[in-house]
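In the block that follows, a single chain appears as structure tokens, in the form predicted on its own.
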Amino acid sequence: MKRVNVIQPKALLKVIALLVPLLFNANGLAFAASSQTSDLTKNSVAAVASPVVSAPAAEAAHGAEAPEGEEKAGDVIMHHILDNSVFAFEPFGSINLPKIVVGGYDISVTKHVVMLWVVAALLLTVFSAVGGSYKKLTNRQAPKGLANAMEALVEFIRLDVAKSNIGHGYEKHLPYLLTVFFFILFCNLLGLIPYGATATGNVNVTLTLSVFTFFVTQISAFKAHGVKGYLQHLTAGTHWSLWIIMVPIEIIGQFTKPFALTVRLFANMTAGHIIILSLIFISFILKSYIVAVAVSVPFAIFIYLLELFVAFLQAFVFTMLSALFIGLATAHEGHDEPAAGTAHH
């Protein structure tokens, strides 16, 4: 009897463990048989709703397993660098820019387009004010404030960039060079202010500026030398036996120059912003106040100040190289003697 009493509880537990799932399944089948219509409706609703519920749950689980800090940092950095149709003014909200499609071509307004308009408006406003102040000056007065600063920059571009690189006839190219310099400078500086965007960090903008320089260079070369002189310019003043090598090199060089202008300006302006944002996010990724105080904030401020210098430097470099390319294309000397031409190029 003692043996039977010991075995019965164990056997009973095993039976209950086997019967409970079957009972739940049987109840479910009986309930389904008694109310097929309502059950089908509920199942269909649950089938539709379950992906909606499970998808965020899967994303939450994936976000919990994945390195969440790195993912968010990369998203924020790329959001600030890349062009888009949303102008964010956090925490005040955001502005969705209009999407415009004409004839199958997307000509939507983006935040970089808005910044181009802002820069154009600022240039017109600033130089209209400077021109008005100059009209009020007498022969014994000197410009002050903003007019004085603009005069210094204009004289710098006129003498040290245009005249020194183009030489004779530089005056006709001066309006273009001044426009390019101040346009790039204002674009670079506006990208460093809060809620601003760097339009020169968009390769389409830098490519368009480089294409303008390319056409100005080629048209100036045709006007300076004519068709015959332009073709002779492609030989680089070398002996005719070397033309099969020099002419393709010179033709390729005509297109690599604007490519270099495009990549240099775009890469420098984009890299600076990536470095600043990356330094800031180091402290968030590591979740350390010490890293923030000792590394992120000091180095980010240093790079930011360096970016102010780079904003002026890249505007100067683009303008200087544009003037240099125009000067090389319009130069008359160097093709009469092969040796001189080779040394010149």
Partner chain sequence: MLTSGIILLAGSLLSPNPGLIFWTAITFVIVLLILKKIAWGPILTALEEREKGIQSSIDRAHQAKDESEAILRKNKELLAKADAESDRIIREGRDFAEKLRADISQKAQSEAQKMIASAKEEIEQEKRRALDVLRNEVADLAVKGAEKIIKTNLDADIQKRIVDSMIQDLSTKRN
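Everything quoted here is computed from the prediction, not taken from an experiment. Numbering follows the first chain given and starts at 1.
One more form of this protein, predicted together with the partner chain, exists but is not displayed; see below.
Contact with the partner chain in the model of the complex, judged as any non-hydrogen atom within 4.5 angstroms, is confined among 82-90, 230-238, 249-257, 189-197 to 82-90. Only one of 218, 94, 208, 164 comes within 4.5 Å of the partner chain in the model of the complex through a heavy atom, and that residue is 208. Using a 4.5 angstroms threshold between heavy atoms, residue 160 stays clear of the partner chain in the model of the complex. In the model of the complex, the partner chain lies within 4.5 Å of some heavy atom of residue 112. The partner chain in the model of the complex comes within 4.5 Å of no heavy atom belonging to residue 268.
Mapping the unseen interface onto this chain, residue 245 falls outside it, with no heavy atom inside 4.5 Å of the partner chain in the model of the complex.
If you take 172-196 and check each residue for a heavy atom within 4.5 Å of the partner chain in the model of the complex, you get 174, 175, 176, 178, 179, 180, 182, 183, in sequence order.
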